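Quick setup: one chain, the form predicted on its own, written in structure tokens, and binding and motion questions come after.
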């Protein structure tokens, strides 16, 4: 196995979205050598699909907002399964990270007096999302790239990491290959930051791009790290449903934040039919009051379309199953109605939601300034991930850090919209800072040639089976099964069947084969993605089967209520020596008394 290139860095960041770029920038600012690996091209990160804004209690629109309210909203949205240390740090530090991004060149929408404009979003008490129209994630990536390019970061584009290399229990490097030519590469590093995003491609209908195959989760798990809270998968209420080629593509919550209404095929605002007791005093039955809330009237109550994502997704799912859906299996989202309130509504919509206007115009032939959109739930985000220390972002494996969607803790059982982008900035910075500190304190580890040879052998095995099963068939079977049996509404029978089905899919995956050579071979790439998809799918199914209650993004039809038995623990999985998945429950540490008081004051 001498046929590979070796590169060496103090800190290796795997993933070049918002969290990865911010981690790389912070590590480089500490004057250590930084390598940044991205599966696709730089700038193509899935972060660009986060459209609505980044949540930060800056109080630019409503002066009642502060970090304590943001912390309380985040904990309530996460059903108190959050890592409260992370929730506190996030709420306190998010405003500074947004201002920092502005100082680096981000062009935010503005209030009339020149401050960063903030909009309403589901689950947030006050207008809190700093935004750039509906292209906030794109602006974040542009700004971080423009700033980061001057920091001396070495970028490796179109590279996939398949294995983390360890020495004495700590990470010392990574093994991967370049996707264009298929050449192997070993990355030596004293510290590694995982920033690889989510697991959405394990499901049939997803807003996630093709890179989201659970790579970071599986890399960490196979290196011995804990995964936590994998049962909590967020199904965004509004993805495109037509035409089939764009099914699942995200329709930002910003549409509802700007006044968009959800309607069934009878023209009813069905969200009024199921308002949780927690929100009844805050949610407008009166349509006019809901509109006043959208326009910033501090005395008005929020419209029901801005309840938490898990709740809205289930309500849409209910309407469709009851036969009250749209022709293509969704419901209607109407922003055009605001012409009743704003004379220049068409120009207003195009200004506030330019991406949504062009997305529907180009992909579906729908003018959202005059016509309703067809939308439905789409797999969007996984709240679970690599278990990390709340302050440093280090996993249970020394030298291995994680930030962003691949890391668990901040969001608990359900993520509030907009918390993801500020999460990337706050904990990307922290991961980069502490990875650099770790790297300065550690000597270089030893790369085990046997580990490298084994990783290369596994990567090449599909070529030994040119007549093996097509990897795309296995992937599609997995996506169909996860969508049907571990989707929005779950039951014990379905999930038990899914776990049994995963066993059969593993056998099929071990027999996939591919013809040709390593250059430009997308089928080979799919062969190498399959083990990661199967790993995260099993973690989701096993954790969801164990949690016999409904909470946040996890809804059990056979256990529709919350249970005290599951109210104060996280579900953790770890790889056994025999390769099997071990599941255990871990109690959540008691919250500090001052933070308990903050939550109580903001109920």
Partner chain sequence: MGKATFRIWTGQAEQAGFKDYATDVGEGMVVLDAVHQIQAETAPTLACRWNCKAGKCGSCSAEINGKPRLMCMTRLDQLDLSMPVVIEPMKSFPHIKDLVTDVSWNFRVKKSIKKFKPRAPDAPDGTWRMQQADVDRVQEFRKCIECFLCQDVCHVLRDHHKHPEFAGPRHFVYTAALEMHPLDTEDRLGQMKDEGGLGYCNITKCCTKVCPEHITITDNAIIPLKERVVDEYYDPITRLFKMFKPRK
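Not measured: the values here are computed from a predicted model. Positions refer to the first chain, counted from 1.
There is another form of this protein, the form predicted in complex with its partner chain, and it is not shown here; the text below is about that form.
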*With the partner removed from view, which of 294-302, 309-317, 237-245, 421-429 is the stretch that lies within 4.5 Å of its partner chain in the model of the complex, judged by heavy atom distances?*
237-245
*Scan 448, 289, 519, 268 and let me know which has any heavy atom within 4.5 Å of its partner chain in the model of the complex.*
519
*Only one of 477, 442, 470, 282 comes within 4.5 Å of its partner chain in the model of the complex by heavy atoms, so just point that one out.*
470
*Kindly confirm or deny that 249, 355 and 364 each have some heavy atom within 4.5 angstroms of its partner chain in the model of the complex.*
yes
*Indicate whether its partner chain has at least one heavy atom within 4.5 Å of a heavy atom of residue 126 in the model of the complex.*
no
*Decide whether residue 186 counts as a contact residue for its partner chain in the model of the complex under a heavy atom distance cut-off of 4.5 Å.*
no
_residue 41: touches its partner chain in the model of the complex, heavy atom cutoff 4.5 angstroms_ = yes
*Using a 4.5 Å heavy atom cut-off, state whether residue 175 contacts its partner chain in the model of the complex.*
no
*Which of the residues spanning 84-108 lie within 4.5 Å of its partner chain in the model of the complex, based on heavy atoms?*
99, 102, 103, 104, 105, 106, 107, 108
